[in-house]
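Read the single chain below, which is given as structure tokens and is the form predicted on its own.
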């Protein structure tokens, strides 16, 4: 009996957590997928109606705006965060003074929640309180910076706030990658007379491709599920000009009382995340087996 317990104690210890994950994560994912195939409104209905909710979803102008915003936000958020994070990492890799303090300052925004970030940038970008008011107080009365209330430009304020929070995290990833590069290769290149910018461009940065992939995967996941940043910064407005799929889902579920539409949008978001994550996991598994 004792031998049996010794052999199975790890499984017994893990079983409650596994059961909770199966029920509360995968169980609710399955339930959401099922509800997306029904005509559920405020309360769920369990009579299957096919793909009607998905057809309705892709005919809805607000969903089109949310997907367009996700494309704009996702591309700019990922590209600028990666570029800025890499630049900061290269600067810190020069072993500058007070590196620890500077690194802490860059990483600090990642310690904040997106709610705090959104609220702070809402004040900074508010035409009556933030940048516009400060510059006008300096004497430039004609200065305008009303992106937050401009339906065409408001989505870019979400990009600014998102990049401010995520670029420090990306910097940490790249800095760890830079510090792991074989120094002997760099010394040999410098002995051959290769300039430092060319060493970074031709040797170091190409060797960081796994870090690039990891950073892009993490940032893409953050972009797709962005909700609290938008709610705190713009509330999805003006109108629904800064809606993202996550805020659309929330509005359908809790404001419109359309549970079927919310479930359909959630399922589309899940498939989008899966389309990004599964190839990445597959490539990692292949590399580990090779």
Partner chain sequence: MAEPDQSVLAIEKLSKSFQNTAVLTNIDLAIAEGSFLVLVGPSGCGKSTLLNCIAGLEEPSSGRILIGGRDMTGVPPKDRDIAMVFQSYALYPRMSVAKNITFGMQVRGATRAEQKSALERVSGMLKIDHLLERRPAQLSGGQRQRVAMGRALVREPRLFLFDEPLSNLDAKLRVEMRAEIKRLHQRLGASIVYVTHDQTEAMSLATEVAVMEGGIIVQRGPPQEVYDYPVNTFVAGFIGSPAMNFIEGHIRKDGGAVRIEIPFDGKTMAVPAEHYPFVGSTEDGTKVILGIRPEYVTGRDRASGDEEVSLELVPTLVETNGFDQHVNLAFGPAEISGRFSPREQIEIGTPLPTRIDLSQMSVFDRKTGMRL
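Predicted model only: the values in this text are computed from it and were never measured. Numbering follows the first chain given and starts at 1.
A second form of this protein, the form predicted together with the partner chain, is not displayed here; the remarks below concern that form.
Residues with any non-hydrogen atom within 4.5 angstroms of the partner chain in the model of the complex fall in just one of 155-163, 186-194, 77-85, 212-220: 186-194.
Looking at residue 182, you'd find a heavy atom of it within 4.5 angstroms of the partner chain in the model of the complex. The shortest heavy atom separation between residue 110 and the partner chain in the model of the complex exceeds 4.5 Å. Heavy atoms of residue 139 never reach within 4.5 Å of the partner chain in the model of the complex, leaving it off the interface. The partner chain is not shown here, but in the model of the complex it comes within 4.5 Å of a heavy atom of residue 207.
Note on contacts: among 131, 203, 91, 72, the single residue with a heavy atom within 4.5 Å of the partner chain in the model of the complex is 203.
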